[in-house]
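Next up is one chain by itself, shown in structure tokens, the form predicted on its own.
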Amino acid sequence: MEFRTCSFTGLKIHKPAEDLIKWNVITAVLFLTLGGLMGLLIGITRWPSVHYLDPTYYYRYLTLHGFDALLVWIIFFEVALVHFTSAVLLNTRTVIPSAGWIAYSLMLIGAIFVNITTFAGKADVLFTSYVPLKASGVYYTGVIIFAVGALTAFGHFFANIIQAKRDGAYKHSLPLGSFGMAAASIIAVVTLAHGAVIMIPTLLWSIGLIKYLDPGTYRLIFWGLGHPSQQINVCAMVAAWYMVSAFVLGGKPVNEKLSRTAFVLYIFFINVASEHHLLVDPIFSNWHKIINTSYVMHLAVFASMVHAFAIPASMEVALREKGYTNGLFEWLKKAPWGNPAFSGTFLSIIGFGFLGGTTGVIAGTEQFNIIRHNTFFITGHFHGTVVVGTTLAFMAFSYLLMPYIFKRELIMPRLASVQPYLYFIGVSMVSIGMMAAGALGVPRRHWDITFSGAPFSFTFDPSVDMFLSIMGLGTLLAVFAGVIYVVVIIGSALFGRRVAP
């Protein structure tokens, strides 16, 4: 077998697993670049002082931004984590490498189908693609192919850990990083099954083989795909947090059984958060909505609170063991803030917790949801979770993958060390600006909040312009930091100095 030993971690790395990780990471970064460009154009359009795009291109690019930045970039990176945690972290081989390449090819083909169709103006239906909005059949075919590829990749994860168990790679339980990705993979199977259930009949409807799809039924099943796909992200993000703490600091959970229990709670309860998209619909009874948004949802919130305390605690214990024991916070002061893997992870924890998590709990309650769900507040919330949280965490982990997997040093290390801070500040401004404007009633998706040409005039509170300007300036800063990230990662992969064997 083709193995090498990583000079940084001592892990055995199987060459086929290494190649799969590399290609998935680079592809993820390229789609992040495309999604970020679309985000720039959308952000400066929602900024009233600029208002760049016309309505046709605004909704077209909003469709692409949602698909490329919310799904493609993140799931390609998660597939890289799948190979890392099921082969490299277990010091074992990847089984049936061809299955990994089939998964990669299907995901890439599906993503290309969606992008080409949308750029051609045949799928201006946004991320949700609610019926009766209709896209070209190629669009739905691309989504289905992408989902099948992703499902194949997560299935590959289970095949790898089963074989690793047979090979004696672990005795009783998976390492915590692998355990977290196992939880993510279980959620992914449920999520992608929902996608197949609804996207296949939608494809048949788009090409005329089915005459009618009920919009309420579509929404109900679609959100079994649309929101749980972000719960895959939460599990993968938290797994990345634990692994960065371990690799950079030597951190170990204070109570590993409790951390594992929190991942199990995610599997059972986190998908119920999907229903907050349906609380204003007459699909569920009031009794169901109350139970869903209180007792059941709080079990998932409890799991997040466990991780929120466990990971910083593991960092503190590890740094105190290195001798930083003076006072309460010397360990925090002496932490490796210049290491973008550590700083990106720490900022991701803060951003996800305060900007994404707390606002999600608030927005998920039945009473508040009725007031805020179709406002810009929700857009600000999921930029706090998916971007400040997941995207920044994956950026941080990719800085570790460069020497571990690509065997390259980072180019422009000083620029890389400030990138997480710039990105965190920029996206936080975007999130806060959106949520503040949404609290004042700014709609979630409308192209023009001045409603120019409407038969009735309406004027928002004057402070709305200030909050949307904060969002616009944050967009520019976040995109600048995103460009730095792409240049550093792609440049390092191609031109970085090779690390010592």
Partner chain sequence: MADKYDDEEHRNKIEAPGTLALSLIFLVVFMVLWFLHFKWLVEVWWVE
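Only a predicted model underlies this, so the values are computations on that prediction, with no experimental measurement involved. Positions refer to the first chain, counted from 1.
Missing here is the form predicted in complex with its partner chain; even so, the following discussion is about that form.
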- Item | One stretch from 320-328, 402-410, 103-111, 418-426 that, in the predicted bound form, holds residues within 4.5 Å of its partner chain by heavy atom | 320-328
- Just to confirm, Phe354 within 4.5 Å of its partner chain in the predicted bound form by heavy atoms? yes
- Query: Taking the shortest heavy atom distance, is Lys257 within 4.5 Å of its partner chain in the predicted bound form?
  - Reply: yes
- Query: According to a 4.5 angstroms non-hydrogen atom cut-off, is Pro175 in contact with its partner chain in the predicted bound form?
  - Reply: yes
- Ile26 near its partner chain in the predicted bound form, any heavy atom under 4.5 Å? no
- Ile362, Ile116, Leu204, Ala99: which sits within 4.5 Å of its partner chain in the predicted bound form by any heavy atom? Ile362
- Query: Heavy atom within 4.5 Å of its partner chain in the predicted bound form: which of Ile210, Ala196, Ala120, Ile371?
  - Reply: Ile371
- Message: Need the contact residues for 296-320: heavy atom within 4.5 Å of its partner chain in the predicted bound form, sequence order, or none if there are none.
- Response: Phe309, Pro312, Ala313, Glu316, Val317, Arg320
